[in-house]
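As a starting point, one isolated chain is supplied in structure tokens, in the form predicted alone.
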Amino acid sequence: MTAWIEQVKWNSDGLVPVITQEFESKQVLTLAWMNKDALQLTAESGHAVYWSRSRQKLWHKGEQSGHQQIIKSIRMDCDNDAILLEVIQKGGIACHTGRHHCFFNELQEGQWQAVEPVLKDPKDIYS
């Protein structure tokens, strides 16, 4: 590992939260997690690689769906404990639900409401 990666403050599980933002629109696409290997691979490959906490393995964004995230910049916050990726989102879909981004639920009158359309049925994406 290189010195820059050691400057990240990893949590007790060896992870850091990653906010992924669309480069042009500045729309927040998702919040995910990275371990050191994921961050190193992201920097080397130029596309987003995350750590899947549910599957306990590296997750190359778009490996099944084709919806890769091409890296424009990698930034670290002032406390060194969060990463921001600025990306070009391939295919216009970042969320596994088939939506443009993962923050599609909005609190309205005490209930969560989906306020963003499904652009493609997930069955068609992951079949």
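Numbers follow the displayed sequence, beginning with 1. Since the structure is predicted, the reported quantities are computational estimates derived from the model, not experimental observations.
The same protein has a further form, the form predicted in complex with another copy of the chain, not shown here; the description that follows concerns it.
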| item | value |
| --- | --- |
| Of I70, L41, L58, A82, the one that lies within 4.5 Å of another copy of the chain in the predicted bound form (heavy atoms) | A82 |
| Distance check, K90 to another copy of the chain in the predicted bound form, heavy atom within 4.5 Å | no |
| Proximity of D37 to another copy of the chain in the predicted bound form, heavy atoms at 4.5 Å | no |
| 4.5 angstroms heavy atom contact with another copy of the chain in the predicted bound form for H100 | no |
| Y126: touches another copy of the chain in the predicted bound form, heavy atom cutoff 4.5 angstroms | no |
| Residues in 89-108 with any heavy atom within 4.5 Å of another copy of the chain in the predicted bound form | C95, H96, T97, H101, C102, F103, F104, N105, E106, L107 |
